[in-house]
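Next up is one chain by itself, shown in structure tokens, the form predicted on its own.
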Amino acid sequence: MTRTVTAASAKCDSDLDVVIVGGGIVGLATAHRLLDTHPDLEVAVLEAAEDVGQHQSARNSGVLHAGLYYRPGSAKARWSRAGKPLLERFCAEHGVPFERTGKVVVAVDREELPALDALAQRARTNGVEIHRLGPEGLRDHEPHVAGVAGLWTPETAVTDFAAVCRALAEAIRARGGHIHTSTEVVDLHPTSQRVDVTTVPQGHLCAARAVIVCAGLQADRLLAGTARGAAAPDGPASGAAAAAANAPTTDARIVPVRGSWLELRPDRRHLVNGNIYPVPTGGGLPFLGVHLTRRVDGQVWVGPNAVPVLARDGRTPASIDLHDARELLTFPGAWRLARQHWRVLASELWADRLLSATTRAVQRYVPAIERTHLRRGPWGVRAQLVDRSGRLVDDFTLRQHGRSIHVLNAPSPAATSALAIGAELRDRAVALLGG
């Protein structure tokens, strides 16, 4: 179990080489990659929660994605393909359970066949092992599935990302890295030589020659705060760092989106062998629709849905934070998103309230699943970057501002890709440190 560090004991050295803001899987993977290749660096991870990996990293179905859905050449495609074998190797070396259960993508009617064929071509372009299936082939892998055709990839796996986070934390500490929990970063003040880090409740905590922000739901706020604090007395960053720095975005915001799962009753788990996914519908939204996953612990989860919410860090699914709500409702991109996709959003809200609506969606793929077989399961809030036009930003997004590097958008498959993203962030940080 990861050691929890109380606020009172969370003081770190006044000068560090690298501070990583955020103790989720991407931040921890970055610290691990840094210390793996540069063990002499002084590295600290600062996490607001009482333990690492408490938010998006632990609140997901645990799928290690093979990379078949992502646009060829995109960061998602590149980093998922590079990151998945790295994470599987890490799991094997550190005793974290994982299993290659495979995935079927199911076309339930002939109208979906062109999209299925396009997905197969995309998978092959990305280097994913993919097999076209007819109805009998589908049933060979998932006997209870109904469909006219499908795709099968044996590469898809499942793991426990919360356990991955704990193992990463142990590896970081073993290499001399520091992890400080109950330490919320509220301000970053960059100068030409360092970044001053301010936290609550401690006040000013430390300074670092480079800061990497992997703050998830707070990513846009910390980037905006860094930009405001950039006018330091000794002037802006100069030289190579200034030339490489990108101006922070002011045209996109994090919109919190709640995803809730249903659980299949234990006596009906035999209806799902691995992963059952729909053919992506497109339409400008990156969500894949309802899918079924047999987790590494044997549970079967259905979902998740995608419902915009009014609290980034709510304690209940219906929590409202007045500051978060005001910020969201005054952002033009949120209203344009709602106007463009109101039918989808209404459908998600309807299905979120009525289990029978989700059951009907599930029965398209597994007709034997009935309403009484499902019960409400876990939920979590994920960070989705939306621009002012109302477009959901689909790919990973990094921004560099002086001596700080910001992960502004890290949707799925960020957990699968974490060690590959961490290598990219490591290389950028080492460049800031002068090699």
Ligand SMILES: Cc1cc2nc3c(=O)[nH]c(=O)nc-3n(C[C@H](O)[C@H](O)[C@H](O)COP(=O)(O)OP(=O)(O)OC[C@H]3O[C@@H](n4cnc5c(N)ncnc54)[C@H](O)[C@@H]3O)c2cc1C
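Just count from 1 along the sequence shown to find any residue number. Everything numeric here is computed off the predicted structure, so don't read it as measured data.
Beyond what is shown, the protein has a form predicted together with the named molecule; the following relates to that form.
Honest question, do Ala208, Ala210 and Ser404 all end up within 4.5 Å of the named molecule in the predicted bound form by heavy atom distance?
-> No: no residue has a heavy atom within 4.5 Å of the partner.
Would you please decide whether Ser61 lies within 4.5 angstroms of the named molecule in the predicted bound form, comparing each non-hydrogen atom pair?
Close contact exists here: in the predicted bound form, Ser61 approaches the named molecule to within 4.5 Å, heavy atoms only.
Can you work out whether Trp152 and the named molecule are in contact in the predicted bound form, taking contact to mean some heavy atom pair no more than 4.5 Å apart? Judged by the heavy-atom cut-off of 4.5 Å, Trp152 is well away from the named molecule in the predicted bound form.
inquiry  = I'd like to check something about Ala49: if you look in the predicted bound form, is any of its heavy atoms closer than or equal to 4.5 Å to a heavy atom of the named molecule?
reply    = Ala49: contacts the named molecule in the predicted bound form.
Given that the partner is absent here, does Ala66 sit within 4.5 Å of the named molecule in the predicted bound form, heavy atoms only?
Flag for Ala66 set to no.
Where, among 98-106, 124-132, 177-185, 324-332, do residues come within 4.5 Å of the named molecule in the predicted bound form by heavy atom distance? Every other range fails; the passing one is 177-185.
Counting non-hydrogen atoms within 4.5 angstroms of the named molecule in the predicted bound form, say which of Ile276, Leu168, Ala215, Val302 makes the cut. Comparing distances to the named molecule in the predicted bound form, the residue within 4.5 Å is Ala215.
field: Sequence-ordered list of residues in 17-37 near the named molecule in the predicted bound form, where near means a heavy atom within 4.5 Å
entry: Heavy-atom contacts to the named molecule in the predicted bound form: Val21, Gly22, Gly23, Gly24, Ile25, Val26, Gly27.
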